[in-house]
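Just the one chain here, the form predicted alone, laid out as structure tokens.
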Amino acid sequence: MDDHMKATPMKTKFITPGVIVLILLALNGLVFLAGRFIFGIGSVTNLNDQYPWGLWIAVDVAAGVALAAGGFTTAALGHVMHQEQYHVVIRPALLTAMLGYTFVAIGVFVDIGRWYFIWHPLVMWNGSSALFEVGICVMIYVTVLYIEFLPVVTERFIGRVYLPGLLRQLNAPVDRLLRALDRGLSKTMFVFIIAGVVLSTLHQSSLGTLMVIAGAKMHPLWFTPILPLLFLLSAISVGLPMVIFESIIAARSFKLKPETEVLGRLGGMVAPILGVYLAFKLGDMFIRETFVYLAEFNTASVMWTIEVVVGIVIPLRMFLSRTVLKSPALLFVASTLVVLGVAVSRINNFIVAYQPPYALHPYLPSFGEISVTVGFISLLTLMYRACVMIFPVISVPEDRPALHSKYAIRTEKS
């Protein structure tokens, strides 16, 4: 981390007009979510025997896993490769990944028809199942992310534990527990960081394996044996743009100056990664000669073009520009295009490309499905805002006054 930067809780009002809108969207999603559990998944969604997955898997799970990749990419950059100058973005990326994977796990729970059997993979192992590998890796990685976030919690509350009333006697024991936890984590954190990077590469690619299994049900524009590799490359390519995207939004929300220099250096790494991803995607297309399907004007050809041109080619060109790398606004635009491109890629693979042979009509997500997805995104944003107001996540110049959230436990000097 920069010597002149220090992570600190943000001091600001939680409730704003934008937050009120997010709360309303979250409540609307929760209403439909309640209907899903009370009346069954068919009462809220347009899923059926021909379309066993839809918007929730494509966006809440597959896109959510990819967009949370900033956690393992920045962890690899800052801790494994020891690039100290990027520490200022590691904590926000870690928080985004932790909350993102939490909602991915909730998304899987919601999308399963018999949701009360979600515990089965823990005891009924099937080593030949790609979905089993995804489930186990996601569960372990969620745990790893929460462990990686624990030093932020201990930093916030060590020496600041002040429990009220009869719980006051627990102040000293809780503080000692936090200090012991902090010492233990400082010696073992490298294990969890490496485990997080490895686990991420495993399940990112296994999501692609799920669609390889679909075989002839996939449109030729997307079906390829190297789909697991393409899923992994797309996740790596969106990791740093997601960090830039989140950092600039957070800076604007909390009226902070964007870390343009650090974000520009991150942006400089995006173009080569996007180039590799584009090369594999186009190379595979020409080897399989599936470019002939682009001559047809239909939903598949249009969506593939949007995915590649808008989500890869245009931001690739932007990230090669020095002007873009020095401008927070242009960095935000380029990063947003990559984020949207990967989200469209997941929608294309799981919805547009999936063509079951006996379907009587195409799948379109219902209003309830859209409401739950928008509600999840809104709730995730609200939780992110609350966390950065409670914990030292976002870094500010050290000469600024210390910022403390109204939710924080006040200091009690021993």
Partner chain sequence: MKLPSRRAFLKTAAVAGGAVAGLSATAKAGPKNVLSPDRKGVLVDTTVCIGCRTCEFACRTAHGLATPPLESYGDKSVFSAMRRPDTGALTVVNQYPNATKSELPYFVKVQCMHCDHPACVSACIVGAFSKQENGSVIWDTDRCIGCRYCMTACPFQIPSFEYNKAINPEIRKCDFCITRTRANALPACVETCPVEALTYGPREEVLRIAKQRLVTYPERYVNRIYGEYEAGGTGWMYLAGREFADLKFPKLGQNPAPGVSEAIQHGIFAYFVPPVALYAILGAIMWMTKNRKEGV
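Residue numbers count along the first chain shown, from 1. Treat the numbers as computed from the prediction; the structure is a model and nothing was measured.
From this point on, the text means the form predicted together with the partner chain, which you will not see here.
Note on contacts: among 129, 102, 154, 253, the single residue with a heavy atom within 4.5 Å of the partner chain in the predicted complex is 129. Out of the listed residues 96, 335, 73, 206, 206 is the one that sits within 4.5 Å of the partner chain in the predicted complex by at least one heavy atom. Contact with the partner chain, judged by heavy atoms within 4.5 Å in the predicted complex, is confined among 186 to 194, 318 to 326, 288 to 296, 235 to 243 to 186 to 194.
Among heavy atoms of residue 32, none comes within 4.5 Å of the partner chain in the predicted complex. The partner chain is not shown here, and in the predicted complex it never comes within 4.5 Å of any heavy atom of residue 258. In the predicted complex, no heavy atom of residue 270 sits within 4.5 Å of the partner chain. Interface residue remark: residue 307 is not counted as part of the site for the partner chain in the predicted complex, having no heavy atom within 4.5 Å. Although the partner is absent from the chain shown here, none of 89, 392 and 393 has a heavy atom within 4.5 Å of the partner chain in the predicted complex. Residues from 26 to 44 that approach the partner chain in the predicted complex with a non-hydrogen atom closer than or equal to 4.5 Å are 37, 38, 39, 40, 41, 42, 43, in the order they occur in the chain.
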